[in-house]
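Take a look at this single chain, the form predicted alone, given in structure tokens.
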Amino acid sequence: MSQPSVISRRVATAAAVSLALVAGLAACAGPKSSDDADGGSGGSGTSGKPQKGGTLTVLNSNPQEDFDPARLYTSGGGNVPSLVFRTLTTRNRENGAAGAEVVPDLATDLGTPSKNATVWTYTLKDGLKYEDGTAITSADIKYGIERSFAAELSGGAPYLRDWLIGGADYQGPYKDKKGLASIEVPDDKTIVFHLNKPEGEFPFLATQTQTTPVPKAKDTGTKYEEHPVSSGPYKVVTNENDGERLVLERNEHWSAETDEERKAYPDKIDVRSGLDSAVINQRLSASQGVDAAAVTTDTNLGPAELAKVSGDKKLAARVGTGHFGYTNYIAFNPKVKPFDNPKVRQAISYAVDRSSVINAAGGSSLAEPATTYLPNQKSFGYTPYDHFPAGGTGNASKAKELLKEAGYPKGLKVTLTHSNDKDFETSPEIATALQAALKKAGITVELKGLESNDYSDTIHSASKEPGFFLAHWGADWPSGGPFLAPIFDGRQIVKDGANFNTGFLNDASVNKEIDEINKLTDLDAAATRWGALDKKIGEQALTVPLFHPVYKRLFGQDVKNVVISDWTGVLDISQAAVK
């Protein structure tokens, strides 16, 4: 990776949680109906073949802010942006693991790389049109990307700034009329990207909303979010209070012949946000009136709600289960004593009681134990390992043995930093569970809770980072790259900004392997290498993986064709029907 990179900065925030709430080589015919599903990833919905028509209501806690493709993360908004904004490539819209594949969208294929994967060429499909009937061109995609570099439109993913030649210094088309020379458009249907380093995963990057076409003549700058020009099956007809209510209706010029992924069954999508999570779940449970045709993309069932739902067969049939590439873990700063001693870090790894942590996180229905840093999904290159086997309840005797070898025969005292936000995975409940487990191994833990903003600022500061704290990471796309590189690539250590390499690892062999994997355009081969690298890094005990979250969400009784992929972990609105 280049240095210093800001890759995946946003996914360390709670936004990744509310997404999940944040890779196949050919287009498929779209997802099969899940009406006959067995309840694995999606839910069955009501019986009968999905039909076009009706209104789908979305009940969310978080508003769909900054509805501009330049300012959005691909994962933001629980699939809502994907209804309006098409991109060069997109995620495969199928249940479970199949949905972790990347497939073409506006482009005819996943792109043609140069021999060293530093140049990527895409050709657009025939017949692509905006909501006003005008043709979508490659120049529109180039302009859409360039405007995402403007300071007033910040907030989107940082990869293009990192990867494109000249991207780090480019200020956007409002200041630099010449544009980015590293993006070429030799004709209306061809776009070529010139990168400053090999990037075999560029097809994943091409799913980011920044590759949405924007007609220059229709660009209204910061006001564009009020009525962005649609390239997808729906157009914006109402945007109240910066995304608090977003109403979408059909884009008559969208053609299903050019879009194999989005089914676009409902005539209208009504997104209502800013709602209390308890109210959302109550409304979906009752499923009355418009709520019978409603879903949520950011509100989980809590432990008590899930217990109630599980006791009602009809309600239980309306629960969608999702998995998103996400890991909750303990992080160590080896620059702070006693965590500079590997045996101390190993002792804590052995002492952890994952059963109690999972209970604190809501129980086994909402959390799965983790012993690997990479999520337990094939697309990430998941390779099972457990270097410091603690069993389900911790191995206190092994931990004491290691502490003695480390020079602490009578145990030691440490401070664990966590967030005071009780709805967060770094909550006081999880910290307390760890405190009790480590006590059995002779480790006295003092808990230091910080308010969420202070917590985030502290753990992401190279100068203020504590020695022992709770952390979490989610991927921008289902691959080991955006998981391992930001956390373990030594060239991504940031001394004067947001730093995510919490262990300050700068291992030449690790950095080199990251570069070598990035050259691979065979995504399956790359996944295997990412898994092997995860296993190698895990030996250093710079983190203690704790659990991967599971997402349980209700949907209304009239919702059909429930599809939940491992890319997002949330119900895919583009597949849902209400008739």
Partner chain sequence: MSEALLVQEAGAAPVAAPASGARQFWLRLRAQRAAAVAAAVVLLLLLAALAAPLLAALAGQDPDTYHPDLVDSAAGGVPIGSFGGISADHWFGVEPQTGRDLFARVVYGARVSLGVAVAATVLQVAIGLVVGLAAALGNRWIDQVLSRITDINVALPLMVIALALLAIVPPSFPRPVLIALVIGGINWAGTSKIVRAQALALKSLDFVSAARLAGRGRWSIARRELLPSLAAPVITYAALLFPVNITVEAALSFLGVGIKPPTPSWGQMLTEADTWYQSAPTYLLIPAGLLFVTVLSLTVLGEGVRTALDPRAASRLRIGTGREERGERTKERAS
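Just so we're clear, the structure is a prediction, and the values are computed from it rather than from any experiment. Residue numbers count along the first chain shown, from 1.
Beyond the structure shown, there is the form predicted in complex with its partner chain, which is absent from this document and is the topic of what follows.
Residue stretch of 484 to 492, 104 to 112, 300 to 308, 209 to 217 approaching its partner chain in the predicted complex, non-hydrogen atom distance within 4.5 Å: It is the stretch 300 to 308.
Listed residue (A100, A433, V80, L160) with a non-hydrogen atom within 4.5 angstroms of its partner chain in the predicted complex: Answer to the contact question: A433.
With its partner chain left out of view, which of V344, A361, A471, A264 would have a heavy atom within 4.5 Å of it in the predicted complex? So the residue touching its partner chain in the predicted complex, by this definition, is A361.
Please determine whether each residue of K422, E429 and K448 possesses a non-hydrogen atom within 4.5 angstroms of its partner chain in the predicted complex. Affirmative, all three are within 4.5 Å.
Would S397 show up as a contact with its partner chain in the predicted complex if we use heavy atoms at 4.5 Å? No, S397 stays farther than 4.5 Å from its partner chain in the predicted complex.
According to a 4.5 angstroms non-hydrogen atom cut-off, is Q282 in contact with its partner chain in the predicted complex? Q282: yes, in contact with its partner chain in the predicted complex.
Check whether S356 has any heavy atom within 4.5 Å of a heavy atom of its partner chain in the predicted complex, and answer yes or no. Yes, S356 lies within 4.5 Å of its partner chain in the predicted complex.
T383 versus its partner chain, in the predicted complex: is there a non-hydrogen atom within 4.5 Å? The answer is no: T383 has no heavy atom within 4.5 Å of its partner chain.
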